[in-house]
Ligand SMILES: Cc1ncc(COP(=O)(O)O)c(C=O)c1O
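Just the one chain here, laid out as structure tokens, in the form predicted on its own.
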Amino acid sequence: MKNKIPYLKDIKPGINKISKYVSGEIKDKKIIAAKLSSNESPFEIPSNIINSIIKELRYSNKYPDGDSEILKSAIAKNFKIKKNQIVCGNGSDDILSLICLAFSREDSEVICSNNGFLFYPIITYSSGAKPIYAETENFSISIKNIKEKISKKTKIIFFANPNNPTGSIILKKELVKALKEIPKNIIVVIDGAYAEYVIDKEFSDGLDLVKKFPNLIITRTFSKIYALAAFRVGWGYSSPEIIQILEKIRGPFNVNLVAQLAASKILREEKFINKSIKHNIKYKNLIEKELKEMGFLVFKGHGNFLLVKNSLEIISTKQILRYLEKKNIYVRSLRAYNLPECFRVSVGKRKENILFLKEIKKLLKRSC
């Protein structure tokens, strides 16, 4: 159907194919008993960081450092990478958008997983390109299926490692093999939003592979394990040539003052990070164990969340989600991810996790 509004008639055709991204946010935060829908950290940031940020608010009348020099230096030191190969952004989704803006074009193709982060097709359509979906295998990203989708029109390949919402990972050996086989004219983007949670020793976050594969871009965020979701700060790492291009087109002051300060300081909080990892392991294992005992199919997750498939005949997924919402417990519906019988549950605070499991048990007992 053609648009009848004159000033909208020349909009990119792909824009009309976009469904607005709907987050796991809840409108009335005061009534939440357990918010397990957005893969957020269950912990508040250390008080010393909050105090240092408050002191800097007096300078809010001035623009922040447009090049995020302090933050880049902190990232380079922490991850032992080169500062001039880092770009910072207003969340990692800012970096993902810049990548699509720079390297895709009208009538080109961008490959992503059919059970992957919903933002990839959104930025693909907005750039005028067409998203091509590679099927997952057993809810895991399939490198084989991705390679089969490559054509002369392919400009970018997006995938998350660990993948959201399935929680699966691609180990280093398979990743290196794939990068060797993918044509060098294609940009490969590994979204590492949940990389810090992975404890498998055969895993690589990809930072060590950039030198060998200059067409590789790694994106990271401070929104998950570093607990800075509200500050919107992320970064990307790639070859100097790619970073120079992304630096040209990013917003002039795309990372605010407090985000730069908080992110640069949180990297030094080893005790906080270790506490987060231990908490995640403990309660992810507990949730997985108890849900399996209830009869749910729970997939091994390497992030701070679990993919749960409702294989029960006594109750529908829709009924489960509706019941939990009535109890002010929120998990993530995956209908938009083409997984209507599944939901994703984040690891929350101890009391949130326990309450979630308690109410699920109560519901199933009542449904029998």
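Computed from a prediction, not measured in an experiment: that's the story for all the values here. Note that residue numbering begins at 1 and tracks the sequence as displayed.
The protein also exists as the form predicted together with the named molecule; that form is not presented, and the subsequent description refers to it.
Undergrad: I'd like to check something about I217: if you look in the predicted complex, is any of its heavy atoms closer than or equal to 4.5 Å to a heavy atom of the named molecule?
TA: Heavy-atom contact with the named molecule at 4.5 Å: absent for I217.
Undergrad: Spell out, yes or no, whether the shortest heavy atom distance between F117 and the named molecule in the predicted complex is within 4.5 Å.
TA: Answer yes; at least one heavy atom of F117 falls within 4.5 Å of the named molecule in the predicted complex.
Undergrad: According to a 4.5 angstroms non-hydrogen atom cut-off, is S104 in contact with the named molecule in the predicted complex?
TA: No, S104 is distant from the partner.
Undergrad: Answer with yes or no whether E196 is in contact with the named molecule in the predicted complex, where contact means some heavy atom within 4.5 Å.
TA: E196: no contact with the named molecule in the predicted complex.
Undergrad: Heavy atoms within 4.5 Å of the named molecule in the predicted complex: which stretch among 254-262, 140-148, 75-83, 228-236?
TA: Result of the contact check: 228-236.
Undergrad: Out of S168, S92, S113, N280, which one falls within 4.5 Å of the named molecule in the predicted complex, going by heavy atoms?
TA: The residue from S168, S92, S113, N280 that makes the contact is S92.
Undergrad: Since exactly one of S97, S223, S204, T136 fits, which has a heavy atom within 4.5 Å of the named molecule in the predicted complex?
TA: By the 4.5 Å criterion, the partner-contacting residue is S223.
Undergrad: In the predicted complex, which residues of 150-172 put a heavy atom within 4.5 Å of the named molecule?
TA: Contacts from 150-172: A160, N164.
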